[in-house]
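Take a look at this single chain, the form predicted on its own, given in structure tokens.
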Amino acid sequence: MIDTTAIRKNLKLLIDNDPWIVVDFQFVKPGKGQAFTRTKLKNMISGNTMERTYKSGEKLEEARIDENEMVFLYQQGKNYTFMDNTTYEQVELTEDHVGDAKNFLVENMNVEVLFFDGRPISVEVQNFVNLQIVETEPATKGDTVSGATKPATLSTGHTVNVPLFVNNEEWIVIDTRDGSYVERVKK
């Protein structure tokens, strides 16, 4: 059991026998009355969200989530297959469980697969990944407008906005937390 003072983003709580993750929180101390923490939670299995308020001093149960480092092997239809690096056991997850991570998965990439009660529930990729651009408009000489962007399709099929000077076949760094362009890969 943990206290409400331990509430932070990405804290995993057990509510009604389901794992929930804190997406956002706000500590409020009104002029009169007891302080409280307002939270926005997301169910790690179903993806549902809810808002819940906890009074200061309340005890919360932390969800026991196991993280296993695994390798992404392949995608077949809406299913994604991962392999444990130590036991070579394979696990198959649906598109719903993989979530936005599917936009950044490349074969043989190391990822963290989260397990709750022995069953896989989600995938976490590294914060920054290198991906190749497969299609974008060519750079035009003289296009130097500061901050201007154009759409680019990545090797995973996902589309991101990149600066005008980036070309086809270039490798770029993507921030997986918000799906944004960071920089070109340095050679």
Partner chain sequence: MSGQPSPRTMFPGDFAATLRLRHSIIQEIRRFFDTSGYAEVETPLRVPCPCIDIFVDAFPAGASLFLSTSPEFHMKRLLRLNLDRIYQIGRAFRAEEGGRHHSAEFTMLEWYRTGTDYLGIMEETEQLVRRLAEALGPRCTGFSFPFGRMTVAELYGKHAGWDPVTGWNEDRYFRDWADKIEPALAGLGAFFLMDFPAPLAALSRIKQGDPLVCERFELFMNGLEIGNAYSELLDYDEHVRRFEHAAAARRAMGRQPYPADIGFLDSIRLGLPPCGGMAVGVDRLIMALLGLDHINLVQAFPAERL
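This one's a predicted model, so the numbers in the text were calculated from it and none came from an experiment. Take the two forms, superpose them, and find the largest set of C-alpha atoms that agree within 1.5 Å; that set is the rigid core. Residue numbers count along the first chain shown, from 1.
Keep in mind that the form predicted together with its partner chain is not shown, yet the notes after this line are about it.
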- May I ask you to choose, among I65, V134, V28, A148, the residue with a heavy atom within 4.5 Å of its partner chain in the model of the complex? V28
- Note on the structure: its partner chain in the model of the complex has a heavy atom of only one listed residue within 4.5 Å, and of E124, E61, E69, E58 that residue is E58
- Task: Given its partner chain in the model of the complex, answer whether the residues T4, K32 and T37 all have a heavy atom inside 4.5 Å of it.
- Result: yes
- Message: Although the partner isn't part of this model, could you tell me whether D175 comes within 4.5 Å of its partner chain in the model of the complex, counting any heavy atom of the residue?
- Response: no
- Message: Just checking whether T153 would be counted as a contact of its partner chain in the model of the complex - the rule being heavy atoms within 4.5 angstroms.
- Response: no
- Item | Partner contact for S46 in the model of the complex: its partner chain, 4.5 angstroms, heavy atom | no
- Message: With a cut-off of 4.5 Å between heavy atoms, is E170 one of the residues that contacts its partner chain in the model of the complex?
- Response: no
- Does G33 move its CA by 2 angstroms or more between the shown form and the other one when the core is aligned? yes
